[in-house]
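First, one chain by itself: the form predicted alone, in structure tokens.
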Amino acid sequence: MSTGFALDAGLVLDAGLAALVLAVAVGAIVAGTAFAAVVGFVTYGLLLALVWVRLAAVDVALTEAAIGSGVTGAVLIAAAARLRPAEARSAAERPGVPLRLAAAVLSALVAAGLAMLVLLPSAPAPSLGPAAAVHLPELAIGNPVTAVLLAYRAIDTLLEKIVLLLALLGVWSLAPDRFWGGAPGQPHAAQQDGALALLARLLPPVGIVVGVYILWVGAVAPGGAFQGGAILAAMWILVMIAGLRDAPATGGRRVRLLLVVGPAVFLAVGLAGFVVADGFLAYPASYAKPLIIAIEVVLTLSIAVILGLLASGPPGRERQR
């Protein structure tokens, strides 16, 4: 009886979580203001992280919470604040009922198609899992997600980091020419006695330790560079928002070095594979684990800096000479 009760409780939890995710998603779509939509989006991301935990995909849950809700939420909140003066004007330009109805029908059709793919899969479902698992022990990486991302999907992982860097360059390109290389926005006024300032003093030491731990444990358990870098970026963003530290100039050599060191080391190790292994992004069997950990460490630094600067926005002040 206890087992049946546990199964029923889990089913009720999953059903309630699914209903809550749908309700929050609809709320974010129909929100009347941009800020309300962003709050709904952040809540939606946190609920999705719980869904991934229930699906035993802890790595994806960590990434969703850190990137999908944390850093992306901060970027969207900043964007909503910038767009607030134009929000009243854009409200009068909302699409008509026919266009909104067509969008709703199309969305329903896409959702139904995805549901059919999930609920009516081909039998047996095709999978490369067994073939991939055969060679994973050669990497000596206990976390199969990290092993797959840095071995089988290494090119995709490298391109993802380069895309992040290009996204930051795209944000910087929004700045006027005279601000190129300067600091993002205006400095935040520090409130020495405020709750935010207190939080920005207490939380970052703990967050840095957690971020480094998430990076290090990623070799044997859920975690890794993306999750650790996002946590470090969140701590940095908190310090800047509280006004304890100003955003750095985007033209500084140290900042730009940290931005490119991760993808550069990743690319260098990949090119070295032509000489010491079988080809591009191939690892020698005896050095696979140290090389993967080294790549993860430098990628964490670059990811943290990129995400922090993405949240800061384009340069808004001239560079100090």
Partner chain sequence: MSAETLYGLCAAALVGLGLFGSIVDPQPLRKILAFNLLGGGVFLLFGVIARRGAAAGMAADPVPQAMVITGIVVAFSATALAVTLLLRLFETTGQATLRTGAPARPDPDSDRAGS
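Bear in mind that the values here come from a model prediction, so they are computed numbers and not experimental data. Residue numbers count along the first chain shown, from 1.
Although it is not shown, the form predicted together with its partner chain is what the next lines describe.
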- Query: Is there a heavy atom of Leu257 lying 4.5 Å or less from a heavy atom of its partner chain in the predicted bound form?
  - Reply: no
- Item | Contact flag, Leu114 vs its partner chain in the predicted bound form, heavy atom cut 4.5 Å | yes
- Query: Wondering, does Val298 line up within 4.5 Å of its partner chain in the predicted bound form on heavy atoms?
  - Reply: no
- Could you confirm whether Thr43 comes within 4.5 Å of its partner chain in the predicted bound form, counting heavy atoms only? no
- Could you work out which of Ala285, Ala294, Ala31, Ala264 is the residue within 4.5 angstroms of its partner chain in the predicted bound form, going by heavy atoms? Ala31
- Query: With the partner left out here, if you bring back its partner chain in the predicted bound form, are Ala140, Gly181 and Val269 all within 4.5 Å of it by some heavy atom?
  - Reply: no
- Message: Under the 4.5 Å heavy atom criterion, name the residues of 206-234 that approach its partner chain in the predicted bound form, in sequence order.
- Response: Phe226, Gln227
